[in-house]
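Single chain ahead, by itself, as structure tokens, in the form predicted alone.
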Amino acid sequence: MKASVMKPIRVGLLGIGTVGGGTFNVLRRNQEEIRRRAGRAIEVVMVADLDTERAKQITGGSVEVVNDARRIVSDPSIDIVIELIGGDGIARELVMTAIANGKHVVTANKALLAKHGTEIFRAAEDKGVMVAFEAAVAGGIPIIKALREGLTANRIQWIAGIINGTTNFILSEMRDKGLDFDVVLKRAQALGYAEADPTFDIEGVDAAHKATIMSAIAFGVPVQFDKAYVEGITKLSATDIRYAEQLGYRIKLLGIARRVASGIELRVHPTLIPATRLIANVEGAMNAVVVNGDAVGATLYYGKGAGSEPTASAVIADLVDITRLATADPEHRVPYLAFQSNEMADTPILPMSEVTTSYYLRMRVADKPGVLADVTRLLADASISIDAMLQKEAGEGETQTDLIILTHETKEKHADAAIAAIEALPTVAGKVSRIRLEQLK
């Protein structure tokens, strides 16, 4: 049958908020271009949203609007379901029902996949349907496609990504204006970069969902969000950002997945990166991911990680992929997590105590002889060597000063022991500020 006379693919859209509205508008605006690429028309025929009036305004009365998403996932005439509701409650139920009813699924839901991906992909494989999720990681940047297909020849060594625009905007503002976290968070909320409840973003949970998905595709392991180490940016101070700058570094919230001899590192935390690295210069609400493969070396993917039309771009790319492959033998499709499902590895995710990295340490110390010798001795006792040091002159009349140390690589458990010993010194006031450091060579 010629592509020109093939029936349109019928799509049901669950949720027509920011991304759903963008998806509907881009599909309509670029429908001819998309049809030429997909080989047949792609039509949204039904939309489910609790706010039916707004849904009717966006769609202009051109499609059926319902307030019960179950009608879409059980409608036999619908081929593909786009899930843009979010969360892992009702969304999980709807996705599993759609799969059980033999429908392909496109989702932007990173929380759902990071927690329940293994169950969802198994169900989809059993039914011979596709689950596509490009929009779940880094918005409009085609990072899933790159990992699943473009870099398939490579043994991927590591991934490091700025994959949350809210936190990157906050860190950029803190650096530019020298302001503390709390002040900048309020500004980010006023500008719409941060939610009224920004917990998922600022505590690193959103980035960890995305890093979990990327690690599964990069290394051929199941999604294991519960094993990820997650630390946000709420405790970062403008002081540390300023000192990092003086030492030639920028601080970014990174999602890191790395293959090492003993397993896989999966972690999200503030990280010092040399200011000369391209990723260190990603500012504002932009996203960027560096992937290092053994054959290709380092590749960088940069762009808008959120927003209506950037995310819609990824959703529609998935729709086109499914449309092209809908009639293909399931065994000839790209596997959900890049590796064949019967070839998934059980490589362990390492606990943070076993992770090896470098450290930035800032401590408030008494301005008197012997203090530096005590601190360096305790680091040496933990087999930690020093890469660089910065000691500020105490101000007039002050009895304490800041001491900043950059270490060479060591295991986290050794750093923990050394920090505890340093904090116990009578010449050290309060807690040691510790931020991990990655060269990303």
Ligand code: HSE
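Residue numbers run from 1 along the displayed sequence. Owing to the predicted nature of the structure, the values given are computational and were not obtained by experimental measurement.
Form predicted in complex with L-homoserine (HSE): not shown, discussed below.
Discussion item. Counting only non-hydrogen atoms and a 4.5 Å threshold, tell me whether Gly161, Gly232 and His269 all contact L-homoserine (HSE) in the model of the complex.
Written reply: Negative, none of the three is within 4.5 Å.
Fill in: Exercise: Thr166 in contact with L-homoserine (HSE) in the model of the complex, heavy atom 4.5 Å
Yes, contact at 4.5 Å.
Worksheet item: Might Lys103 be said to contact L-homoserine (HSE) in the model of the complex, defining contact as any heavy atom within 4.5 Å?
Response: The answer is no: Lys103 has no heavy atom within 4.5 Å of L-homoserine (HSE).
Discussion item. Contact with L-homoserine (HSE) in the model of the complex for Ile279, defined as at least one heavy atom pair within 4.5 Å: yes or no?
Written reply: Contact check for Ile279: no, nothing within 4.5 Å of L-homoserine (HSE) in the model of the complex.
Worksheet entry | Gly204 within 4.5 Å of L-homoserine (HSE) in the model of the complex, heavy atoms | Result no; Gly204 lies far from L-homoserine (HSE) in the model of the complex.
Worksheet item: Among 89-97, 184-192, 205-213, 71-79, which stretch has residues with heavy atoms no more than 4.5 Å from L-homoserine (HSE) in the model of the complex?
Response: One stretch meets the cut-off, namely 205-213.
Worksheet item: Pick from Ala306, Val129, Leu151, Leu319: which has a non-hydrogen atom within 4.5 Å of L-homoserine (HSE) in the model of the complex?
Response: Looking at the other structure, the residue within range turns out to be Ala306.
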